[in-house]
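As structure tokens, one chain now follows by itself in the form predicted on its own.
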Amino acid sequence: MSPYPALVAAGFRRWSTYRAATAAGALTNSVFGAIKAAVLVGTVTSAGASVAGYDPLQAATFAWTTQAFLAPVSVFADDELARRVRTGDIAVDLARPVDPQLAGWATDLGRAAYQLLPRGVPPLVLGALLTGLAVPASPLPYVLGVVSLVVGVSVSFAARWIVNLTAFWLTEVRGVLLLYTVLATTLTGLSIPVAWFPPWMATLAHSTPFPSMLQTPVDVVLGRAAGLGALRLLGVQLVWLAVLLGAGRLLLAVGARRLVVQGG
């Protein structure tokens, strides 16, 4: 029997124990959602009621939805794996009868599954009360949106896995983690829609996996990309997922050869 479904459940249970942190995070997401919605709506209104296809209500909906997806996608970098590499605990992971990358991926999906409701619903409820939400009337965008969100979470995990593996070669990874967080905050579409970027910056963003983490799930679930357009975006997500997982496996194999664990 495959252990990975059990690891998904374990990830869900682990994160469900941090209830106070979850409540604080939901409040923070909601407050920043209100601030971001006000800024984006003000920008669109001052620009003549439309920016890159977004009217004021759509801009507000984008703000609330990105805040709802922020925690499940885990846009910001963590250093859990890097700390295990630095302490040598990664040797225990390599000795287990499960694939370390697949185990980490399964656990992260469990984390995201838990955080989707308590961290995602409050910003959407507040948004519906304060500004209203521009949401699709048909069920298909929601179905495709769930698929896109799962892939987006997976792309985020694969990218964070690679960043953490730099600990095999670096004695301090905080700089790398900070650089990743700055890039992710900008290029995922968390701050403003990627469609609002200058052309050169939009091209730069789309040459990276970052829009596939957050901007794509938001576009799909809100129906901004529909039909073949939505399927094309899902295809781009899957390509980035395959590339990042492959690169992560290669880095782990190379890094494991450098691993030295002292002690008996």
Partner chain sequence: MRAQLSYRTSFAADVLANVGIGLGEFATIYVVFSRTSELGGLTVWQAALVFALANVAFSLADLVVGHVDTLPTLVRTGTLDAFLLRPLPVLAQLATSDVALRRVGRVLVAALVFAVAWPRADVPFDGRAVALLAVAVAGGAAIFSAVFVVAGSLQFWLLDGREAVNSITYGGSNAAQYPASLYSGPLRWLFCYVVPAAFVAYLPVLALLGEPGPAGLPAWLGWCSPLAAAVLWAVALLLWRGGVRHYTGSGS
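Positions refer to the first chain, counted from 1. Since the model is a prediction, treat every value here as computed from it, not as a measurement.
Below, we turn to the form predicted together with the partner chain, even though it does not appear here.
Not displayed here, the partner chain is kept clear of residue 82 by more than 4.5 Å at the level of heavy atoms in the model of the complex. Contact check for residue 172: a heavy atom falls within 4.5 Å of the partner chain in the model of the complex. With a 4.5 Å cutoff on heavy atoms, residue 133 does not count as touching the partner chain in the model of the complex; it lies far away. Heavy atoms of residue 52 reach within 4.5 Å of the partner chain in the model of the complex, making it an interface residue.
Taking the partner from elsewhere, every residue among 119, 191 and 198 has a non-hydrogen atom within 4.5 angstroms of the partner chain in the model of the complex. Residues with any non-hydrogen atom within 4.5 angstroms of the partner chain in the model of the complex fall in just one of 212-220, 225-233, 199-207, 55-63: 199-207.
This chain lacks the partner; the member of 94, 129, 143, 182 within 4.5 angstroms of the partner chain in the model of the complex by a non-hydrogen atom is 182. Contacts between 14-51 and the partner chain, taken as any heavy atom within 4.5 Å in the model of the complex, involve 20, 21, 24, 25, 27, 28, 31, 32, 34, 35, 38, 39, 42, 43, 46, 47, 51.
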